[in-house]
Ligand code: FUL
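We begin with a single chain expressed as structure tokens, specifically the form predicted on its own.
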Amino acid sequence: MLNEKLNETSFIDNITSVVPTKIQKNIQGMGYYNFIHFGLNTFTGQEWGSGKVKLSKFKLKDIDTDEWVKDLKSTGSKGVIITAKHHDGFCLFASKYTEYSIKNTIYQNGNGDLIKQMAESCKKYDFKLGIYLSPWDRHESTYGTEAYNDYFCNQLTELCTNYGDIFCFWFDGACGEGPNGKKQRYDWQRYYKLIRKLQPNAAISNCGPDVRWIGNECGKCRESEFSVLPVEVMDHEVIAANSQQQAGATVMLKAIDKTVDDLGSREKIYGKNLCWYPAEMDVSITTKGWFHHKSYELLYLRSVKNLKQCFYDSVGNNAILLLNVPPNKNGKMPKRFINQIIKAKNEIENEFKEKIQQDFVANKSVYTYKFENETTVSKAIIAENVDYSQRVESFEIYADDKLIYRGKTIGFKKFCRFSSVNCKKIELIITECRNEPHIKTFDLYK
């Protein structure tokens, strides 16, 4: 029995020693930011370009990227990740390593570099810039050979050194060909080492060590979202295998089962090497497609209710929200997209408008508010101090000793919404925890 107790203590101590890096804390602290999918696909109506589309299909002579940034920032976003290169290999930056680039279109008379414009606009409006660079490249002739890793690193170097601070590099796991096509062995560690050297503050996401894909593109989350996970979850071959494998805008709607319900319970992590690996929910403003399609804009726009739920299930559930807002073929962000997100933002802010200005009293695993007069409460925001790891495994909230909310993990942030109660006391009770809890925030709202 003594040995079992010692083993359990050692196991729990090991779990609680796993904490986020500064990079991980910074990106999770952003909470919500955006994707921009834009390129030749915008003009052809495709989702996965072939890499053979003529550059003359790019019809725009100029774009006001200031408007893009201002529009996105107005939704409460903290930054944007843009498709510098999608699977078709077409580059929105003036890369010297390929001719399949915006530099060889009519854009700004052949002198254009959309990533440079975005960098300038982001700096102008205090907005963070991130880069999506597709590992899979259907145009580049070296793809499928070791020389492609050199090509990829050359372009990474351009993006790391020519555009100022980058907050995130986002690597897609989609397809990458297979038995009937070119199969590339990506040198992930080389990519990471290069980014760490040239952009030491940038997070590396999805097929990367800092932020993980939540497991689907539908806004589906886990009830318990853990950040302390087995190192094996970082297996990029598994991430790629679970990513989109077929062309077509509707595929992402069928990927729901990719979210495994339990990744980080004690049973799942016992005896494993562990890492801190927070989740990111990536969804598009429309329920079909990542690039802009007029019919999708009209028929498949997410409702305000759905957008709010995506926010609560990500930012409010120990994850990050990455919301795609694709510009149209006129180079504009559709106003109905921006307006819909702003409506959701305003409703969320209104729900959490009246914070109760009072401190709680902590006594071991119980956190208590006592009011002089009966007070109406309907929401709470709880956060752990993740410098001490993620510890809470279950909790309950009571109003005047009556159970009103039961939850599991908390982590970086947890939004708790319940039916309005009039009470003189609210208690948060941590019912299961990995060692003593470290609650950083327990805020109540009328």
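The structure presented is a predicted model; accordingly, all values stated were derived computationally and were not measured. We number the residues from 1 along the sequence you see.
Same protein, other form: the form predicted in complex with beta-L-fucopyranose (FUL), not shown, and the subject of what follows.
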message: I need to confirm a contact call. Of 113, 217, 71, 88, which residue comes within 4.5 Å of beta-L-fucopyranose (FUL) in the model of the complex, counting heavy atoms only?
response: 217
- request: Note which of 229, 156, 320, 174 lies within 4.5 Å of beta-L-fucopyranose (FUL) in the model of the complex, where distance is taken over heavy atoms; exactly one does.
  value: 174
query: Quick one: which of 300-308, 219-227, 187-195, 165-173 gets within 4.5 Å of beta-L-fucopyranose (FUL) in the model of the complex, going by heavy atoms?
result: 165-173
query: Within a 4.5 Å heavy atom cut-off, is residue 37 in contact with beta-L-fucopyranose (FUL) in the model of the complex?
result: yes
- request: Would you check, heavy atoms only and a 4.5 Å threshold, whether residue 132 touches beta-L-fucopyranose (FUL) in the model of the complex?
  value: yes
field: beta-L-fucopyranose (FUL) contact in the model of the complex: residue 290, any heavy atom under 4.5 Å
entry: yes
message: in the model of the complex, is there a heavy atom of beta-L-fucopyranose (FUL) that lies within 4.5 Å of any heavy atom of residue 280, even though the partner is absent here?
response: no
